[in-house]
Structure formats: structure tokens, C-alpha cells
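Just the one chain here, laid out as C-alpha cells, in the form predicted alone.
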Amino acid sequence: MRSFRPNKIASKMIVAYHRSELPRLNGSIGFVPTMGALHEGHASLIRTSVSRGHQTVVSIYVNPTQFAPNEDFTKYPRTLEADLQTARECGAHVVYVPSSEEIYPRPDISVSLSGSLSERWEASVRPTHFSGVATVVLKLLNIVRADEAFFGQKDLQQCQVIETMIDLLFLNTKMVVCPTVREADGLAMSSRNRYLTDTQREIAPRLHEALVGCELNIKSDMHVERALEIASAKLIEVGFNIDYFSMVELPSMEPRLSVTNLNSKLALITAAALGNTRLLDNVVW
């Protein structure tokens, strides 16, 4: 176990490597769970928490249980010193950097999911993913005991899974979903964007363009199925390999092919790969 040491970057920010080293915070607590490789999307979550008057805790932990054996756990970017600098600049009060020995100390329990949220879309492509996400988030929420936890809308299905878990397990943390932060050309910010080649990076913004175009077509009374087909064809034409491109109702994430007689929000969601890099995006209206 690594012993506690104050962050060398800024004395006002505490870095804890074990939950016993987390300080007692006065007032309300905001929490931003991350896997590190922080970018402006993460920074916006931290700043939002701070702006709401919270003592803000950021966790940095690459969670092995949400990766399948053929996924990029070992290659996932780990940039701790740069992440600490980002957290400090955004006003974080504590950065929690646990080890796997602490989070998973022995043969472990896990959160078991059922229903459409655990079967469709990301869950159908990555069957063990959301169980791993829900398990680690539950552990972290129990450790930090935050009043509010902040997540980005880019991972829309993940947000629905976590919000459902918080509700059904009667947790005392309120979930706050913040808008997706984008590059100037519309690409949703993601730690995995760094995997894109220069050519792929030029193509990648087409994913958001397709979502926006599809939304406009549907709002112009084009049949939903036809609008989805057009958007998907455009993505395939420029080199995307599409896992799904669909319209769903929130919060259930059930697919919908009509915009009439609905009392809830709708979203267009997609996951598509350029080469070996898988990108997620959505628009909600």
C-alpha cells in the first residue's frame, strides 16, 4: 500500500492512495469518478462540481472489471501526473487514486443487472461492461459518500444504468449528467480519441454530423427508419464500422421508430469504429 503524501503539484489539493487517507471534508461533497487520461470533458465536470459549492473529490482508477479480455485495459492511457495537474487547475480538493488491491481485495461481489438496460446497445456488444461499471461506481460512491456525482452525457447508456442503480439501491448521492464536451469540429471528447490516426481523426467528426443530420430529418417529418438508414449509410461510406445507430426513449433506452404519443425524452445513439478505435456519441432532445 502506498503511503499518503501531499500532492507535490499543489499543497491545497490532497492525493490519497487509500480510503483511510481521505480527509474529512466540511460541507457538501461533489464527486467526479474517472479512469484518468483527463481531457476537457472531465475538466468541465470538475469545474461544475466546484461551481456548485462542493468540496470536490476526483477519483482516478482504470477499472479492470469493465474491460473484456479482448479490450484495451493494458493499453488504456495512464497519465497520472498530468491528471493531477488538471485536477488542481480545475479546483479539485481531493484526488483519490486507489489500487486494485483496495477496490477488489478478495473474491468479490458484483452488481448484477437485468432488463433492457443490461441487454441492448453497449450491453449487447460488451456483455460484462455495465456490471463492471456499476460495481466500481457503487464501491466508489460508498467510499466517497458524495452529495452529488457528475457524469458526462456522452456515455448516455452508462448514465441511465448508474442512475437506475442509485435509485433502486436507495443511495444518498444525486447524479448530475452534464452536456457532452466537444472539439471545435464536433467530435465528442474521449480519452480514446488519442488512438485515432491523423486520417481517422479527420473522419471522426462525421459521427456527430450524422446524428445531427438524422435529428433534423426526423424533425422534418422523415420516417424514423428512413432517417436512420440514411445516416448509417453516410457513416459506412466514409469508413465507419457501425455497431448500432438508433433512436431510443429515455430513460428506458428502448428503441423507438416514432416521435408521436411519447411523454419522455428521445435520443439518437450510436457506436461505430474507425479502425480499432470505437467511438460513442448521441444527441438528446
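In this text the structure is predicted, and so the values were computed from the model without any measurement. Numbering starts at 1 and follows the sequence shown.
What follows is about the form predicted in complex with adenosine monophosphate, which we do not show.
The candidate stretches are 213 to 221, 227 to 235, 244 to 252, 29 to 37, and the one lying within 4.5 Å of adenosine monophosphate in the model of the complex by heavy atoms is 29 to 37.
For the options Trp121, Phe130, Tyr96, Phe151, the one in contact with adenosine monophosphate in the model of the complex, meaning a heavy atom within 4.5 Å, is Phe151. This chain is displayed alone, yet in the model of the complex one of Thr135, Thr86, Thr173, Gln158 has a heavy atom within 4.5 Å of adenosine monophosphate; that residue is Gln158. Heavy atoms of Leu45 reach within 4.5 Å of adenosine monophosphate in the model of the complex, making it an interface residue. Interface membership of Tyr195, defined by any non-hydrogen atom within 4.5 Å of adenosine monophosphate in the model of the complex, is ruled out. Proximity of Phe73 to adenosine monophosphate in the model of the complex falls outside the 4.5 Å heavy atom cutoff. Taking the partner from elsewhere, Met189 is found to have a heavy atom lying within 4.5 Å of adenosine monophosphate in the model of the complex. Contacts of stretch 86 to 120 with adenosine monophosphate in the model of the complex, defined by any heavy atom lying within 4.5 Å, are made by none of its residues.
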